[in-house]
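As a starting point, one isolated chain is supplied in C-alpha cells, in the form predicted alone.
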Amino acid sequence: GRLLVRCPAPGQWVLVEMVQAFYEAPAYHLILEGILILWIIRLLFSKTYKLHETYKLTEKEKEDLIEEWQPEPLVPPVSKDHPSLNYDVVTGPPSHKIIINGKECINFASFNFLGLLDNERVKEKALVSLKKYGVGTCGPRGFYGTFDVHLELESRLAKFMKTEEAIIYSYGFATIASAIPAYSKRGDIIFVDEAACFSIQKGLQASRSFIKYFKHNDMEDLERLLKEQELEDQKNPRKARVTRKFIVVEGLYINTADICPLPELVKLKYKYKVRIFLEESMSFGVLGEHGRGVTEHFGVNMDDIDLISANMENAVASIGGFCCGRSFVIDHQRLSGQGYCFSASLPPMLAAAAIEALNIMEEDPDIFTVLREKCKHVYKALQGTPGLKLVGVPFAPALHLQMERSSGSRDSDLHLLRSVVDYCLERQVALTLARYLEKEERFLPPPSIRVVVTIEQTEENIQKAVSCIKAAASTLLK
C-alpha cells in the first residue's frame, strides 16, 4: 500500500510560523510590541476629550470681563504729524503756476511735462464732451461703458504708437498692474529690474508667477539669471515647453530717473526666447523725435517689444492708461485685464481731452525737442548743489535730489529734505518729496526731492528754482 501524508491547510502553516517566530524573537522586541498593542487599545477605547465642569458666570462677572477687555487695534498707531496726514492744499489748476495753501508758486512738482493740463484747446474739447456725454460712465466697457470716443482714442493711440491695436484703462496705476497678470500666471517666470515702480510690483504680486529680480540696469546680472534658467529648462524640457518667460522693465524709471538699455534687452530677448513688457509712463510723450517713447529714442522696432504700457496722467495730462501691441495680444486683455473688465470706463470728457492732446503732439513735434533742452538745462544747473546728489539722466523730466551723505536715519533724512521743500515753498517754488509705501516696496528707494521739468518753465523760473534749492541746501544741510 501507499503511505498518505496529510498536509496542513495554508492558514495553519501561517499560524505555525507565527508561533515559531514568537519563540525565536528577542525578549526586548516582544516587550516593545506588547507596549504598542496596549497603547493602541487605550487610544481606541479612551475618550478624545474630557468633560470639564462648567462654571456659570454671574452677570456682574460678565460685565467686569467685558469692561476689562481691550480689542487689538485694527491698524498700528500713526502720528498726527505723519506727512501723509498733512496736506498741502491746491486751489486752481496745477499748471505752470500753482496755488498751494493760498500762495502762488512756480510748479516744479506736477508731471505736466508738455503743459497740456491747462491748455485751452484741450479744455474746450473736454467741455464739449462733458455737455454731450455727461460726467462719468457708470459701467465697465462690457456693460454699456464703451462709448464711441473710447474707440476713437484707442484707434488714435495705436496709430500714434505705430502698433496694430491699443486698449485704454480708466486708471493709470491699474494699467500695467492688470496687464502683467493677464498674461503671466502661476508657474511662469518674470525677470524684473529691482528699481521697478510700485504698479509693476502689484502686477507681479497679482500674477503669482515666480519672480527673479536683477540688479538695476545690469545686463550681465540679467543674463546670468537667464543662463541659469536655460540650464534648468534643459533638465526638464517638458516643463520648459509650458512655462512662459517675461522681462518687465520701465522705459524711464520713475524712482531713479534713468533709462533702460533697450537695445541690449532686445538682444537678450531673442537669445533666450523671452518676452518683453515695457512700462513707458515717464517716457511716453517725452522721449523720441515724435514723443513715442524709449523705442523711438533708441530706434528699436515696435515689433521687437511684446507689450508697451503707459499712463495718460503725465505728458497727456488726462487720466487713465493704455497698452498697445499686436491685435491678438491686446484683445486678450479685453477678456482678462482686471482693471479693464471690472472698473467703470474712462469718463468720455477725459478721453476727448486725451485725443486733443495727441492732436497737439502730432501737430507740433518740436515740443519734445524743447522739453529735452529744458531738461538738460535744469540737469546742468542743479549740478553741485551742496549736500545733495543729483540722480537721473540729463533728458529725464523728473529728476531726484538725494542726500549726499545720509544722517544714518531715514526719518531724519526725510525731515531734512522736507525742510528744503518747505524753504522753497515759502519762496514760491513748489517741489515735492518722492513718496513710497515703505512697508510695501520690494526695494525701498532712498529719500529724495523730486524736481519736475515742463516746457512752460521759463529761463527766469528755472534760475529762481535752482537758486532757491541751492540756498536751502546751504542753509539747512550743514
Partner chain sequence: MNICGYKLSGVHVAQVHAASHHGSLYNRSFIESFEETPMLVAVLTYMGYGILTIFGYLRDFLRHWKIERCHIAREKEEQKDFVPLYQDFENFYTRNLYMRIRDNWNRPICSVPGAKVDLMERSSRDYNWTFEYTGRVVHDVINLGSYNYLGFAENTGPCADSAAEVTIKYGVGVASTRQEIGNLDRHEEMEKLVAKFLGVESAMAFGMGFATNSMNIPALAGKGCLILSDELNHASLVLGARLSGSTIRVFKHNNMQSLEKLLREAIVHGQPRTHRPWKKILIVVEGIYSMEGSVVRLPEVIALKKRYRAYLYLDEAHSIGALGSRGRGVVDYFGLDPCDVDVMMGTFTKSFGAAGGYIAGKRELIEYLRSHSHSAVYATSMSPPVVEQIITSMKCIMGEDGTTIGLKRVRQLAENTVYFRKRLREMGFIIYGNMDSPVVPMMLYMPAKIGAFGREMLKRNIGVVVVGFPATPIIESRARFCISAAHTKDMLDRALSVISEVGDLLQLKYSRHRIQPSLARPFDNNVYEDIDD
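Positions refer to the first chain, counted from 1. Throughout, rigid core stands for the largest set of C-alpha atoms superposing within 1.5 Å between the two forms. As the structure is a computational prediction, the values presented were derived from the model and not from experiment.
Keep in mind that the form predicted together with the partner chain is not shown, yet the notes after this line are about it.
Visitor: Does the partner chain come within 4.5 Å of any heavy atom of residue 278 in the predicted bound form?
Guide: No, residue 278 is distant from the partner.
Visitor: Is residue 269 a contact residue for the partner chain in the predicted bound form, using a 4.5 Å heavy atom cut-off?
Guide: Yes.
Visitor: Quick check on residue 76: any heavy atom within 4.5 Å of the partner chain in the predicted bound form?
Guide: It does: once the partner chain is placed as it appears in the predicted bound form, residue 76 has a heavy atom within 4.5 Å of it.
Visitor: Any of the heavy atoms of residue 96 lying within 4.5 Å of the partner chain in the predicted bound form?
Guide: Contact check for residue 96: no, nothing within 4.5 Å of the partner chain in the predicted bound form.
Visitor: For the interface check, one of 370 to 378, 210 to 218, 301 to 309, 285 to 293 should have non-hydrogen atoms within 4.5 Å of the partner chain in the predicted bound form; which one?
Guide: Result of the contact check: 301 to 309.
Visitor: Using a 4.5 Å cut on heavy atoms, which of 358, 265, 329, 388 is close to the partner chain in the predicted bound form?
Guide: Contact residue from the list: 329.
Visitor: Check each of 226, 192, 117, 168 and return the one that places a heavy atom within 4.5 angstroms of the partner chain in the predicted bound form.
Guide: Among 226, 192, 117, 168, a heavy atom within 4.5 Å of the partner chain in the predicted bound form occurs only for 117.
Visitor: If we check the partner chain in the predicted bound form, which of the residues in 86 to 101 reach within 4.5 angstroms of it by a non-hydrogen atom?
Guide: Going through 86 to 101 in order - heavy atoms within 4.5 Å of the partner chain in the predicted bound form - the hits are 87, 88, 89, 90, 91, 92, 93, 94, 98, 100.
Visitor: My question is whether residue 65 is one of the residues whose C-alpha shifts by 2 Å or more between the shown form and the other one, given a fit on the rigid core.
Guide: Yes, residue 65 moves 2 Å or more.
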